[in-house]
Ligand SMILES: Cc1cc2nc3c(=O)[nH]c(=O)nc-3n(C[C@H](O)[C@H](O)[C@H](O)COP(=O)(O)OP(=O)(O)OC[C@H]3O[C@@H](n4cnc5c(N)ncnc54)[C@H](O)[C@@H]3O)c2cc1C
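Take a look at this single chain in structure tokens; it is the form predicted on its own.
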């Protein structure tokens, strides 16, 4: 089949690669000049297929009017019995995605920054009570974890230093920490070797469903436009999906979750023990995460609202970098810090839309929120199976867009 993909983030590139591996002719369109330039660019990189109850809501959403409606819908969705079943489906996709990536890494010698282990710090007794909800959730999904006392924190993060002793921590030893953009670049190179064509700097202006489905596009840097017909079109557009879907007649409750990060080089003296985080460390009350990426560290604020300049404000950067200085005081030196700000497309039930759309020839793989890294490979496999008409697991119906119609 000749397949068009709209969106060149980690989800879109993974989907393109899997379809190319199966012998399909694939073309990818993205309005940005590079791949993984939006939500995949500089996130925390946590390979965790499910959202932890203690970290899924804005820390002070009750005081922030813009979050209220969406947060209430999210809270209602989590009370539905099917919510846990949907999360179990995501765990299965995450496990399949890990196997998919491990096989690709071995066969194509992929090289990208990755670590393992995620520590969620509980700074006080009140936050420690959140352990019950998180551990019940992890037990139900069969995901391994350890509850750590303050004295045990150093066993997983030897360089961690805190001025006030924390109450404890929740440790997820199998969660990977990856450089999502670097991985997307590696996957793109493999896809191109298999014949995938990437049309970057190209905006898709219209999607026409049918057999064939048609993409009308315009190259943003040149006075060049056209249309291409495909046997199928897959939308992997993230936050940009809303307008395209509305033009086709489907309104998904996609929420553009803001976020920001700083990425800084680590000071790594040869004669000293490693002074930085070994995996990822999250402070549960504020949501700030420090992720280890090779010889750098990334500080992520998953809820920082957009700034007019398209990057975190100086005040926000100071607050974020201060977390590194507090937790790992010997690790950073403040030079060459890369600031990023963007959005992730999320749905109120903490799960993506995956599979056929209501329109002939149009397929959906979007709305992964913070779980995009963990679900990219598994979602690509499931989407490719469905496109080819193969038998798919019954639980994938839980991710259908029909739940929002």
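Predicted, not measured: the structure shown is a model, and the values here were computed from it. Residue numbers count along the first chain shown, from 1.
What comes next is about the form predicted in complex with the named molecule, which does not appear here.
Contact segment among 129 to 137, 87 to 95, 233 to 241, 150 to 158, judged by heavy atoms lying within 4.5 Å of the named molecule in the model of the complex: Going by heavy atoms within 4.5 Å, the stretch is 233 to 241.
Considering 330, 203, 307, 113, which brings a non-hydrogen atom within 4.5 Å of the named molecule in the model of the complex? Selected residue: 203.
When the contact criterion is heavy atoms within 4.5 Å, does residue 10 count as touching the named molecule in the model of the complex? Residue 10: contacts the named molecule in the model of the complex.
Contact label in the model of the complex: residue 46 to the named molecule, heavy atom within 4.5 Å: Yes, contact at 4.5 Å.
Contact test in the model of the complex: residue 352 vs the named molecule, heavy atoms, 4.5 Å: Answer no; every heavy atom of residue 352 is more than 4.5 Å from the named molecule in the model of the complex.
I'd like to know if residue 54 sits close to the named molecule in the model of the complex, meaning any non-hydrogen atom pair within 4.5 angstroms. Residue 54: no contact with the named molecule in the model of the complex.
Under the 4.5 Å heavy atom criterion, name the residues of 370 to 386 that approach the named molecule in the model of the complex, in sequence order. Counting only heavy atoms within 4.5 Å of the named molecule in the model of the complex, the contacting residues of 370 to 386 are 370, 371, 372, 373, 374.
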